[in-house]
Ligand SMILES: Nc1ncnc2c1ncn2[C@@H]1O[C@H](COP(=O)(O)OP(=O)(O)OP(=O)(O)O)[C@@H](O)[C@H]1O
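As structure tokens, one chain now follows by itself in the form predicted on its own.
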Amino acid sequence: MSEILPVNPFFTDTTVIPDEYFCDRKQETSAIISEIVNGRNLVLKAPRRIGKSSLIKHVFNQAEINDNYHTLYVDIYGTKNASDFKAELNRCFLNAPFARDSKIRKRVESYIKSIQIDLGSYSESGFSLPKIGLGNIHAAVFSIDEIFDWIDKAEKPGIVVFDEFQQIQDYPEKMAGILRSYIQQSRNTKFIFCGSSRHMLNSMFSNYNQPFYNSASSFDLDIISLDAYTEFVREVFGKYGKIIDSETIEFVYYLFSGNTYLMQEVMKTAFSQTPSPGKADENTLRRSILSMIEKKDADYRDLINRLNSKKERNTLYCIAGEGIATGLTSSAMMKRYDLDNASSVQNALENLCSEKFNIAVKVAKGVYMLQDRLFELWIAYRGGYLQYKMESPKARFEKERALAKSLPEIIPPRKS
């Protein structure tokens, strides 16, 4: 029986990616499984959108884990306090695959009836919670210790993943200490703490005064290598009778600095636009990138409109124009980008790097970049210099990598 090929083999959503369409990460997958099987908790650090969430779900899908563990994945990126955390933990817990077990279902249904509140409904596809804000679901939840106790006493050992775990440091409650006490009591459950802020995670797990000090092995996830990504893309195109050369893949890899999500988005569009038989060349990829930019136009316009002043917008345009921006308060730079004075530029940088906007990131003393490379390209497109941005992506990539390697960690955005 011939293999049934997916319509588009470049997956960019949050579903589990079939092994044959999951790019590389063989060593990382084995290492994470080894840590778990050998009874260790793990802290996984990686910049956003280079595939750490997909990697975790890929690990969950491996027989060694899937057959022998209950798994729970909780993304707390959007949470602001302990109540939000509990609500998200409950939502993920009630919809985890093991929650469909008959014993668990009966216990949950009994609990729903006992609290006399419309918590939601259950079907074969899982539990459905009311469509209300996280902050409104305070009473209709299990306690954290009930959930952990339930997982810990199940017939299989458990693995709980908290993605963007550094978020709890911003809660008004001392959530780290509370959560650590529950985790210490778990005997049959291992935990993976993922996050995109190396600075905050290093502080949480390496600082003697922090509750999670020395409680997990450390694992830093880097971008996929160019060779591995090139081999993967060419092989996938080839399965469908399509061709793409190495230089074209290299162009996209350097342009997006190895950002897995953005590269896959480009390849997904390019793949759909390439006939079989047919060849995707650099022009195909450029059209794909332009299509992505145009789709984000409304979102990026809205982001620009949220900025408070012309000073902030011009500082943003300065960072976008430079790519890796240095000397923003110099007279030459202020003249080039119509910036008022050093003080106003500094205030604008603080706002752009704040949690409110989270548009820019300080990567070294006096050095700034935009968080979203596609946003940078959108600004270039609107400013009429997109072609210039695409001319020498390798030089920009190498400069960025050299800068990253010269620092122990990326400095996180300042809080507003």
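We number the residues from 1 along the sequence you see. If you superpose the two forms and keep the largest set of C-alpha atoms that fall within 1.5 Å, you have the rigid core. Computed from a predicted model, the values in this text were never measured in an experiment.
Although it is not shown, the form predicted together with this ligand is what the next lines describe.
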Exercise for the section: Answer with yes or no whether Tyr261 is in contact with this ligand in the model of the complex, where contact means some heavy atom within 4.5 Å. Expected result: yes
Problem - Exercise: Glu88 in contact with this ligand in the model of the complex, heavy atom 4.5 Å - result: no
Exercise for the section: Verify the contact flag for Gln167: yes if a non-hydrogen atom of it lies within 4.5 Å of a non-hydrogen atom of this ligand in the model of the complex, no if not. Expected result: no
Exercise for the section: Would you check, heavy atoms only and a 4.5 Å threshold, whether Arg49 touches this ligand in the model of the complex? Expected result: yes
Completion exercise
The listed residue (Leu201, Ala320, Leu339, Ile224) that reaches within 4.5 Å of this ligand in the model of the complex by any heavy atom is Ile224
Practice task
Would you kindly say which of Ser196, Thr79, Thr248, Ser288 lies with a heavy atom within 4.5 Å of this ligand in the model of the complex?
Solution key: Ser196
Exercise for the section: Specify the contacting stretch among 63-71, 374-382, 356-364, 49-57, defined as having any heavy atom within 4.5 Å of this ligand in the model of the complex. Expected result: 49-57
Handout entry: C-alpha of Ile76 moved at least 2 Å between the shown form and the other one on rigid core
Key = yes
